[in-house]
Structure formats: C-alpha cells, structure tokens
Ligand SMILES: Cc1cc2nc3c(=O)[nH]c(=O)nc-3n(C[C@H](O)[C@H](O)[C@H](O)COP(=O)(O)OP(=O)(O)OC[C@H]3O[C@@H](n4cnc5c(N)ncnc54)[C@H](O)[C@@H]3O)c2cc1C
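Encoded as structure tokens, the following chain is the form predicted on its own, with no partner shown.
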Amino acid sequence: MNNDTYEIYRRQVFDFLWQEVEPLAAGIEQSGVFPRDELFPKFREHGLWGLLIPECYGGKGLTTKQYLPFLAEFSKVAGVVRVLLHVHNTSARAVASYGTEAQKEWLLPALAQGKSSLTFAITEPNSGSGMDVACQAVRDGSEWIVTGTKHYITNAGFADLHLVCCRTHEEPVVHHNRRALTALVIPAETADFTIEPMPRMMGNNGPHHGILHFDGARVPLDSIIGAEGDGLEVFLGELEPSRAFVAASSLGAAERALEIAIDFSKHRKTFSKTIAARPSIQSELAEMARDVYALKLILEDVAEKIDKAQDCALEASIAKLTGLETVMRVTDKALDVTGGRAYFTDYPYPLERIYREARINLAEEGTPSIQRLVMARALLEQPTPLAIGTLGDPYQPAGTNPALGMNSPADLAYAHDHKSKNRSK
C-alpha cells in the first residue's frame, strides 16, 4: 500500500475506532460479552481481518511499519479489540509466511474477509511454549491422530480453525529435537476435539480464552502448514515480529495513559491552581514522556529490520521487554497523577481499565525472564562493535578492540600462585 493510500486508510480506521468502538469498550469489559453481530461486519468493512494478508489474497498487505500504528490505536481505544485482532492477524501472517501456495489459496481469502478465523495454539498447561511441547500427532494412514491439551488460546470461543503445534516425532520431549514439531490446522468441528472456556480474566474480556482438548482427534495429513518438522519455525518464527506487535500495543496504552495524566493535570485544581503547575507533577509527566518516546524509537528501528527480513531477535525482545516495562511505569505514574479518581471505573477516564488491559502484555509472546534469556543469548553471539549501540554502520579500526582499545588482552587467569608466594616469605 503506497503512502498516500495508507494515510487515507489509517485515518478512516482511526475514525471508526474512536467514534464507534471506543464508546462500547467499557460495556464490553463489564459484561464480558463481545458484540460480534455489531462489530465483526464493521471489522470486515474496514479490512481489519486482513491487515497482514497480501493484497493478492484479499488483504491489505501492510508492512510491519504500517501495521504497528493500528495495534497501538486498538490498545488506546479497547484492549479487547487489540487482543482479538492481534491473534487473528498474527495467525494469518504465519500462513502467509510459511504456507504453500495451495495452503494460502485455501485459507487466506476467508481469513482476510473475516469469514474464517485461526487461533495460535502453542502453549500447554504442563509445558512451555517451545521445544517441550507435548501435544502429539501420530500418523495413521492418510490422517494424523492428535492427542493433548492447549490453553490460554485467544479467540477459541468463535474461531473455526486452530493452528496447533504438535509433536510429530516419536522421541521423548527431553531430546529437544528442533524437527520434532509440526503445525497443523485443525477445524473446530473435528470429532474428539472439545473446547473448555477459561475463567474470566483480569482484563480484555469478551472473546474468551479457551482450553483445547484433543482426545484422538483425526485430521488429514495435508493439514500441515509448511512441512513436517517446521512447527518450531512456524510458531517461534512468528514470535519475533509478534514481540514487536505486543510492544506496539504497550505503546498505545502508555500513550493514552500519558494523555489522560496531562488532561487531568490541566483541569484538577488545588489551592486555586492546577496541579500541572506543580513541579512534582511536571516531573511525573516528563518521565512518562521519556518512556513513551524511547519505546516509539525502538519500535521504528525494529519494524524497519523486520520489513527488510533482517535478523533482529535481540531487538525484538528488547522492544517487547521495554514495552512491558514502559506501560507498567507509565500507567502507574498516571494513577499517581490522577489520584483517587483513577481507582474508579471510567470516572472520568478509562485509566483503571487500561491499567488492567495492559497487564496481559506480560504473558504474551514470552515473559520478561524469557525476553532476557533471548537477549543475553543474542548478545553473546553478536559481532563487535554492537549494532544496537552504534549510530551508522558498525566499524572498528584495524588493530583495535571495542573493549580494550589498543591495550593487550588482560590476563584474567591470575597465573601467579599467591599461596606459594606467601609461603616463601
């Protein structure tokens, strides 16, 4: 989508979000019921089901850089809409990225129109979200027999298809074979497949999260996305851009929290002057703005790398972790600025709801400890000087070292035997 067309489209969608969705957000959260009959057709009208699906399959074909502002705006308006559309579009992107041409023609047009929806089912109750997946698919003639359980599966209440990560290799989970996992598309109406709703969440209630139970469910062999053994690439390969997607969601929530704090501080008066005139409040606002701006710049860099298909595992995890820490700090400070009013639901701002909605970002696409692990591993494999800290292209003059300069490597072995030295005295 060219820049002029994109800007027109972006403004049309933002008008719809603020004028028609934002007024419904509080009611959706309080009732836990998403108005599908009202909003799903409008999502289709505005192309929101196909934001990341190529235009040749009926989607909008947005780049990562173009897509991130939509996620941020969804979060500003209604976190539940962000969660719903984020999962749908991320799953569709997995098909577009890893599916065969036949699979794309089979799935993408219906996904782009919202006539079909696909979940992203990797997480399990007794496993992590990676190589220890235990849900198993065993070949039986022309079918796979699937046995296992997935949980925390967003959109499970209405999706007709589920992208499920299964173990298709017979060796035990502990062997950590990267080729042991496969991605299967499993229809919701499949026999011996049931969905159990999970309890009400802290926020973002509406399209419920479900527990998927497979008790010998049979699906055709060609249900695979990609090829047998590609499951880890399909799911974890999507986690890299998806971490940037979650960071953009954090940015949107943080930005609205800052806007609420600024507006409140300009109107709230104590001792005949607004609290915006008080240095303590100004300091809070300044720190919030610093965090929001830093996250914005990180996301611009990561989006460019993803669109150029550059390896950016380190940067994507930095973005996700920074996003989480930013939205937690900024919403906390916004509560501090607005005081007791913020503790009440929509009185007069939806800060209490935004505060709760943003906490789901902690669990999506890996916890903070996972992000730090990914970051550390990527750092230790980076060439020096580090690209993340260099303005322009990294360059190191011959004969110098970015850590030591022109000094010789330090002797960290402490070769002298101090005990012998002491004994000789």
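Owing to the predicted nature of the structure, the values given are computational and were not obtained by experimental measurement. Numbers for residues come from their place in the sequence shown, where the first is 1.
One more form of this protein exists, namely the form predicted together with the ligand; it is left out here, but the text below deals with it.
Shown alone here, residue 76 lies farther than 4.5 Å from the ligand in the model of the complex, counting heavy atoms only. When the ligand is considered in the model of the complex, residue 120 lines it closely, a heavy atom lying within 4.5 Å.
At a distance threshold of 4.5 angstroms between non-hydrogen atoms, residue 98 is out of contact with the ligand in the model of the complex. The ligand is not shown here, but in the model of the complex it comes within 4.5 Å of a heavy atom of residue 152. Stretch 361 to 369 is the contacting one of 394 to 402, 39 to 47, 56 to 64, 361 to 369, since its residues have non-hydrogen atoms within 4.5 Å of the ligand in the model of the complex. Residue-level contacts in the model of the complex: of 379, 26, 33, 373, one residue has a heavy atom within 4.5 Å of the ligand, and it is 373. Site annotation in the model of the complex: the residue of 276, 232, 201, 185 reaching within 4.5 Å of the ligand with a heavy atom is 201. Contacts between 296 to 310 and the ligand, taken as any heavy atom within 4.5 Å in the model of the complex, involve no residue at all.
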